[in-house]
Each structure stands twice: as C-alpha cells, then as structure tokens.
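Form predicted on its own, single chain, as structure tokens, below.
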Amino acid sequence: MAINKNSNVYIITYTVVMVVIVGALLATLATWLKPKQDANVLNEQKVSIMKAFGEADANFDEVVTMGRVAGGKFTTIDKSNAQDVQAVFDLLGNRKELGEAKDNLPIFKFEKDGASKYVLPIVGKGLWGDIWGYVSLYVVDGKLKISGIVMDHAGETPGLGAEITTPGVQGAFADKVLYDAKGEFAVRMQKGGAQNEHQVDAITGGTKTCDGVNDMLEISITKYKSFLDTLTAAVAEDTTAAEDAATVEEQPAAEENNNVEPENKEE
C-alpha cells in the first residue's frame, strides 16, 4: 500500500517524529557539553578577577585567597572544599541573587610585596540590561583606593554605553579614592569631566549607562563597608605603632647625650 505523503496524517506524523529526534539530539548534546561550558564560565570568572587585580598572567588557584565577608569579618574559604568554592562561583554567576545578597558576601584577596588587594564583585543595571564586574581595592596613605576594575554588560549600546568594557574607561578608575573627607562614597563617572581624585570622565552619549555604573559601585561596595573600615583602621594602627617605635628609639639616644659629662675646661 502506497503512503500518501500529501496527507495530513503523514505530515503530522513526520513532523512529530522529527521534532522528537532533533529534541533528543539537542538534549544529549547539551548534557554532553555542559561540563565544558561550566568550565569555560568558571575560567572566565577567574580571569576577570585576576584582571581586576592587575595580575592577568597569574594563576588564580595559586595566588588568590577566597573568602566571605559576614558581619564585617573576613572568613577564608578552604579551596580543598569543592562545595564551598562552587557555591561562591555559583553566586557570582547569579547576578540577581548576588545583587540581593546583604551578608556572607564573596571576596578575593591577593598579596604581593607585603601589600594586600581585595576584589569585590559588582552588579547593577545599565540602560538596556544588566551590568556587572569586579573591582579591586587597596589601602594607601590611609585611603581606600581602586587599583583596578573589570566591567561587562548584557546589551548596552555599541560605541556608547558599551564603552565601559574598554581598557580606556576601566583604566581611568585606577587610584580613584573611594570616600571623601566626610566619609561618603564619592567615586563616580562625572558628566563634563572629572574634577577631583574621586571622579572619572563620563562616556559622551552614555549618560544612563554611566549612572548605572555609579549606582552599581556605590551599592555593591557599600555592602562591604564595615569590613573595608577595618582595613583603613589596621593601617592607621600600624602607622601609629611605627611612629611610637621610632619615638622610643630616639629617647634613649637623647638621654645618653644628656648624661655625657662636659669636658673640663682649662682655667
């Protein structure tokens, strides 16, 4: 019996069979590729963190200390605990959950030549969608400064808001001071051009994206403020201790000079 390929039954049956076959193949392929996709995402996260540190060529697993900040305290994560490590990177990949997190926040530490830098994840909203990245902070001369920043976006306008991903824009944040003399968060992309040590030139034509970056930085970094305050306080204590030690060393020398008997003068 010949099959009528023009009949509705044949067309529907053929379509269903093809959909099932193609769907099964796609599901199998997705399952097979998922470990590789997850590995690529994890590697991209690590590379971005190292770029924020300014150490793009360094190996994340060898030089970075992972941690969480809770109640203003830094708690180190044991890298041998795969579950805890994966939980951190899963949170980094879930921008909605990360943006809503208030405590137990992920943080990364890198030490070099006796100095420490800390990278914090940042998330926010641009003109057309999510913006996110990592910002590296350090303390110098008693001030918290940005040492580096990496930003990305979901759909900002090419040539305008999308410029936040360029080295020129990101490099302009280097050495910007986080807080002003009143202790208020002061880093921002300033329309009309930077006017002080806190500001960065805004992107011409990208005002909404720049506003999103400003909000992203302030909101994300402020969550860590109680911990960041401990960093500046520790530097202040070290400076005071060094000054006191120098004073103590000077005192015996001064006393020794005072105790020297004057030479007898000839009459």
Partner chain sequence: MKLSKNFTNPLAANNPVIVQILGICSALAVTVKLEPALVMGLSVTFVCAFSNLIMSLLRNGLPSRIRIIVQLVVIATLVIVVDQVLRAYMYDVSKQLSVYVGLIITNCIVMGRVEAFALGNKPWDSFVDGLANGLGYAFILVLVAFFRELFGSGTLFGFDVLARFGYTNNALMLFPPMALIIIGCIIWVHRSINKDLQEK
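In this text, the rigid core denotes the largest set of C-alpha atoms whose superposition between the two forms falls within 1.5 Å. Note that the coordinates shown come from a computational prediction; the quantities given were computed from them, not determined experimentally. Residue numbers count along the first chain shown, from 1.
Not on display, but discussed next: the form predicted together with its partner chain.
Exactly one of the stretches 223-231, 66-74, 210-218, 40-48 approaches its partner chain in the predicted complex with heavy atoms within 4.5 Å, and it is 40-48. At a distance threshold of 4.5 angstroms between non-hydrogen atoms, residue 158 is in contact with its partner chain in the predicted complex. Its partner chain in the predicted complex is not approached by residue 197, whose heavy atoms all lie more than 4.5 angstroms from it. Of the heavy atoms in residue 22, some are within 4.5 Å of its partner chain in the predicted complex. Proximity of residue 56 to its partner chain in the predicted complex falls outside the 4.5 Å heavy atom cutoff. For the partner-free chain shown, 14, 15, 18, 22, 25, 26, 29, 30, 33 of 14-34 come within 4.5 angstroms of its partner chain in the predicted complex, judged by any non-hydrogen atom. Core-aligned CA deviation for residue 25 between this form and the one not shown: less than 2 Å.
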